[in-house]
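Given as structure tokens, the chain that follows is alone and in the form predicted alone.
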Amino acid sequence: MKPLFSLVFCVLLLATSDAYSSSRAVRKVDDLYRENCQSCHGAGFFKDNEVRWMHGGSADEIARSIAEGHPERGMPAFGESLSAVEIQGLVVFLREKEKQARKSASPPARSDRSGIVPSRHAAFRIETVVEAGLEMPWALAFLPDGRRLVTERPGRVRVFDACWKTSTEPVQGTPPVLAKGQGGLLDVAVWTGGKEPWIYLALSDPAEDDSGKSMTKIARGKIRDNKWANEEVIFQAPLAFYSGSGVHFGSRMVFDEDLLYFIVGERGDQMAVQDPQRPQGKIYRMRADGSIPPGNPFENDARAMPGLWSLGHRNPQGLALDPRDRSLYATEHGPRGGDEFNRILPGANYGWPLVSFGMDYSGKPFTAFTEKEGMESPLHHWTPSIAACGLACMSGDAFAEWNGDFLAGGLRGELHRLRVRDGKVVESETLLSGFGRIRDVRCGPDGLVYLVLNDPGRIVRLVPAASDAPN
């Protein structure tokens, strides 16, 4: 553990408690805007959908304009009448208005009559590979022999052949899950370091006491004759941390050779994410067999969760490794606003719930802080939220123009491309919008982009506009 970490942790808990107790008194942002802003700026804020910030459009600049005003233009200062928490809530609210105006004025590109979708570097077509028969598909993985694995949240694993044909029966004998709320059978990953591939499943594990509680669990096994075999538990939290909450399981996995990184969401327990002794709201690094490799940042703290790699996470549901330098990246659900794209560093604290670019779903802001010393800031954030889910780093010849770029999906039907250079996002592009609930994003062995969609459950792929991909 880092020096004075216990003292800092206590201070952080007090700060969080203060932030939440004060948030009970703040008003909803809709009311704040109507009472303080609407008479001058109008209900829509941006007139005729023209997005124009007269005094700067960054979060800090908007907050400064609200707090200090612009008397020369007739705008009063609100720094005395509104708290810093309320001002930050108004920033999120105005960001939502901004996005609505931008989408109305310049909607994202859609396919033309030939089915081609234009983008900044590579035009593409969308092909459906699995049109029906899937119930709440959650994740996709590729086996080295050309078969594909798809998880369904109610608790099924389905095996597809190289032509996307599947048997009528799912894999038999997979681990039980508690399919409640956001829980169920979630991510799937494949490790090929042995003679026979190991299949890893992330799931909401039901408590053995039949209490209706569950917790994120990682198990591995092998699939033989469409049956689950040789099961081993890689990660399982103590029963004391199982929860009746149905939210925020996290549950993405990625391999770096024989090292497994995986996510456990905060499970609705916001205070737990800042405590290294509790499993929630963390990213872990273990060996493929579940043992702990040397060099983990908390290895000298006997009280910290085994394998702990980073903390302060809300609910990351995208995880990807950049093959060029083996660096790790994640996308994370914010609340209402503040979805994040982060580079995951060993021992780093990502700040939830002390810092956020978002506010509560109810419309009440809960923190004035978007950054704090000692906490990592996101490389990129989305406000309003895209409901970030699924992340892939591109490689291969199919979309060579995108190599090294990250594709981030969202349950609000958006697919974004992010280009990272020297630790910064230097380019961001919306590839798809209003497309359906994108649950998973994968770069396949063929270099094509595969999307797992919900409502309805199906799988599609992005194909270069000029190519004819094999079945």
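Please read these numbers as outputs of a predicted model, since none were measured by experiment. Note that residue numbering begins at 1 and tracks the sequence as displayed.
Keep in mind the form predicted in complex with a small molecule is missing from the figure; the text below concerns it.
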So, residue 73 and the small molecule: in the predicted complex, are they within 4.5 Å at any heavy atom pair? yes
Using a 4.5 angstroms cut-off on non-hydrogen atoms, would residue 420 count as touching the small molecule in the predicted complex? no
So in the predicted complex, is the small molecule close enough to residue 90 to count as touching (4.5 Å, heavy atoms)? yes
Whether residue 27 contacts the small molecule in the predicted complex should be assessed with a 4.5 Å heavy atom distance threshold; does it? no
Tell me the stretch among 423-431, 36-44, 436-444, 402-410 that has any heavy atom within 4.5 angstroms of the small molecule in the predicted complex. 36-44
In the predicted complex, the residue from 228, 78, 160, 198 with a non-hydrogen atom within 4.5 Å of the small molecule is 78
